[in-house]
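As structure tokens, one chain now follows by itself in the form predicted alone.
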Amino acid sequence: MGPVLAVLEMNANQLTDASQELVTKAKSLADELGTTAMAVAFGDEIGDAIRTLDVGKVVVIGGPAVTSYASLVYEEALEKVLAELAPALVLLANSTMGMDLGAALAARTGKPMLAYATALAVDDSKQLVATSQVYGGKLLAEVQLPTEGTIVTVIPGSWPASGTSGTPQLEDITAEMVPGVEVVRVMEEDSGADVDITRAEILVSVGRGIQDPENLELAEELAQAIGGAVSCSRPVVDAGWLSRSHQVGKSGKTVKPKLYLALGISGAPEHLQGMKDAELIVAVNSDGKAPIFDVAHFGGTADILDLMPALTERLQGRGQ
């Protein structure tokens, strides 16, 4: 059986959280299947980020062609790596890059692909079983996967990264330029935010229940009083009240704060995907049957426009 291969993504020459999670799963699956875990990464200055990964080998694809992401360049380089390693399973993050590469590799190699995976396990008969979201996360499908090069894109945050380290063998190869392919410009995200919500330990997250953009001031005052940051669900962004950098969910950011205060958020699957792994989830909604209560550790029904100023006043009073 071939190795379990994790395709890694980098941000400023550092592994993304999703990539660290892939390494953890690749190692555990490889141990259960009786094979080895390997990884492949792109870039010329990523040695410090990969030299202690808990895998047997890391293939580093470098050269001028991979300075910026170009799908055809990455696809051709990865196709050659897959042909050499003949992996049993290929894991990618269910990100923009991972979905782009996963579908292309499946088409190029003729291997099956499963997207939106939230769980991967080896059953008692040593068969690989995946759980995947379908219909926008409204249903979960359990699928048995062949260990003959199946490509799987995994939703970030589906399991924690172990943090264990190793001494992998490093193999350097150079990606070739693809004629006619040129990266003209890389557009950086204009966050419009003074804080990275993925790093905040406390989030005051608001949804449709905020009702009016003027009421965001109540959330900001509460966040300041509690020592946190403001985030939101998709309807708030779609209405233009907050920038996308504040959005939590499938099309926003995945967060894991110590406290996630969900105010006026109904709890659509798209949103739950981005915050379900917070250490403590406290939800307040006027609808007692809102899906957010299914994942909340504590919850209650109230008008958040009355609750927020009262809670802010109580918190500020404790500091005096």
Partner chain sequence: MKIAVLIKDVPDLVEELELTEEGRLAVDDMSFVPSEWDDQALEEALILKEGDAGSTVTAVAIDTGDVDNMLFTALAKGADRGVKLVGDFNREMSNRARAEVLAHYCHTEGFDLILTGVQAIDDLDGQIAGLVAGRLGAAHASVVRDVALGSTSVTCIQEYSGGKMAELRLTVPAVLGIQAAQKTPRYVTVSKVRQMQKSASLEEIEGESSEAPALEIRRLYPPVASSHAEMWGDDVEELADRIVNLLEEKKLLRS
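All values derive from a computational prediction rather than experimental measurement. Numbering follows the first chain given and starts at 1. Heads up, when I say rigid core I mean the largest set of C-alphas that superpose within 1.5 Å between the two forms.
The form predicted together with its partner chain is left out here; the points below concern that form.
Partner contacts here mean any heavy atom within 4.5 Å of its partner chain in the model of the complex, and among 83-91, 209-217, 167-175, 143-151 they occur only in 143-151. When its partner chain is considered in the model of the complex, Glu32 lies well away from it, no heavy atom lying within 4.5 Å. Under a 4.5 angstroms non-hydrogen atom cutoff, its partner chain in the model of the complex lacks Asp196 among its neighbouring residues. Although the partner is absent here, Val284 lies within 4.5 Å of its partner chain in the model of the complex, judged by heavy atoms.
Taking the partner from elsewhere, Met1 is found to have every heavy atom lying beyond 4.5 Å of its partner chain in the model of the complex.
For the candidate spot formed by Leu72, Glu75 and Pro112, every residue has a non-hydrogen atom within 4.5 angstroms of its partner chain in the model of the complex.
Taking its partner chain as positioned in the model of the complex, the residues of 148-185 that bring a heavy atom within 4.5 Å of it are, in sequence order, Gly157, Gly180, Val181, Glu182, Val183, Val184, Arg185. Superposition of the core reveals a Cα shift of 2 Å or more for Asp294 between this form and the one not shown. Relative to the superposed core, Glu279 shifts its CA atom by 2 Å or more between this form and the one not shown.
If you fit the rigid core between this form and the one not shown, you'll see the Cα of Ala37 move by less than 2 angstroms. Relative to the shown form, the CA atoms of Thr96 and Val181 are brought 3 Å or more closer together in the model of the complex. The distance between the CA atoms of Leu114 and Lys276 is at least 3 Å longer in the model of the complex than in the form shown here.
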